[in-house]
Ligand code: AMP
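The chain below stands alone, shown as structure tokens; this is the form predicted on its own.
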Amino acid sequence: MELINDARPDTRPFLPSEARGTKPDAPGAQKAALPRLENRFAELSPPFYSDVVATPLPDPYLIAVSEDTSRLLGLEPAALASQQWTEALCGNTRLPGSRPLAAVYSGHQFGVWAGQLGDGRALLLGDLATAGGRFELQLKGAGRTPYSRMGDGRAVLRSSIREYLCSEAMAALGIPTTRALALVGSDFAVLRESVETAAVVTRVAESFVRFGSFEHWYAAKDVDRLRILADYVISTSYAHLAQRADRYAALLAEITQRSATLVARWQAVGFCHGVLNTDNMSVIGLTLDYGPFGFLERFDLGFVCNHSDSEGRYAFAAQPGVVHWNLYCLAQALLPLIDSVDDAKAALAGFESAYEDAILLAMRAKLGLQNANETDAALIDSLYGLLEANHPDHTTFFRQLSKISRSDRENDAAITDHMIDREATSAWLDTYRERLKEESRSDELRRLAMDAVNPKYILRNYLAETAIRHAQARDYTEIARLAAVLSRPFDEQPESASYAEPAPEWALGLEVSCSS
């Protein structure tokens, strides 16, 4: 069978504060029957996973619960404050109907085939039926699995706080993502670069199947199980494709569309994933696996948020190309199920147009442009050139841009004061102003629309670090405070204005690596 590898593109809040950090039931905590889970993934058969018993976590205590995710699941946040729930949310006890398992998958890591991987520190408990559909619950950090290799299967408090906060922050930004239901801590010691304490995040998603899940069976030359997995994904996430004769090519095409739209949304908000391996790519288009991520602060197309990425493979500007490359890996894995190489290539061919449409739509919204104009792409390209030359704070720049008047330069200082080359900035603003004159919307209505898509608050690295340092000193209130701010990223929140400030000098050297 012809291979398509050579055609791959080049790469370039939450719980009331009195219930946090406590081991006994908080005063007034509601006790309710634990929900019953099913586990549809477990119906596939053992080669797709291993049944695993979670490693007990000594003396666990609840640190945080997401109110939004709780209600998404039909749960009352206050009820999760009980010790009964805490024990379940770290794996010490099982939720009714739960069948904990670790899924096997393989993948390309930093562009190199890594072979078999799998859930090395994650346990899929099962899925919960809700009014909004079925959601899988997964514990991250619940101990060793057959896929842990040399690892201990634990997650540390530091990285767990980052994942908890960013999952919910991304959801509030309107970006497809796995969610975080709860964060449980323990004083149990875990050795990384230094001795840290353990934590468990309860992650929630419609599905945790990855590109690498398909790569695993392709590499094993097991077409039967490749087909079983594809049919499972179609039945659970793409049911409208089930009766199509070309359903596997159609599946690839839809995953391509979702992935293109997802990375466009990352680029628009300035999110850098940090480790876009194929085993970290979701087949339903979610942001998956929060490790060494970072938001663009000082504008830099070459921004690398992962200290382990010495060659910059996953730099900010490279993300669309990397996602496209990963899709070629997925297409290669699905090729035995697709009628022809040409059909697979046709499914992949939609990536560039889908990405271009999505990024143009997002950028028009960020610029306050209601109507499409053939000059918009050039206007956006020139803006990116200006930003790269001047390196302003990405989030602040777009938030301040709403203040620009289409009739005069009276408010231009809101932008020019943040730029090195004021003359070039003024020239671009004049061009932008001329484009705004083609719009019928008033300045005030445009400002409101721009502020509804350009966040004031993002999870800056130093904000996460501040919450981590407080938590390491057994003060969990900053997690709650920061989560509350990030849950309303587009609101002014004048009482929390300090959370919108760029990184202070002490935080300029902060680094995050894959070990996080």
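Being a predicted model, the structure only gives us computed values, none of them experimental. We number the residues from 1 along the sequence you see.
Omitted here: the form predicted together with this ligand. The next part is about that form.
- Task: Pick the stretch from 119-127, 193-201, 394-402, 250-258 whose residues have a heavy atom within 4.5 Å of this ligand in the predicted complex.
- Result: Contact criterion met by 119-127 only.
- Message: At 4.5 Å between heavy atoms, is G153 in contact with this ligand in the predicted complex?
- Response: Although this ligand is absent here, G153 would touch it in the predicted complex, with heavy atoms inside 4.5 Å.
- Query: Are any of the heavy atoms in R149 no more than 4.5 Å from a heavy atom of this ligand in the predicted complex?
  - Reply: Within the cut-off, so yes.
- Check whether F295 has any heavy atom within 4.5 Å of a heavy atom of this ligand in the predicted complex, and answer yes or no. F295: no contact with this ligand in the predicted complex.
- Message: Within 4.5 Å, heavy atoms only: does W85 come near this ligand in the predicted complex?
- Response: Outside the cut-off, so no.
- Task: Note which of S207, T425, N390, Q109 lies within 4.5 Å of this ligand in the predicted complex, where distance is taken over heavy atoms; exactly one does.
- Result: Going through each option in turn, the one that passes is Q109.
- Query: Among D443, D289, D309, D412, which has at least one heavy atom within 4.5 Å of this ligand in the predicted complex?
  - Reply: In short, D289.
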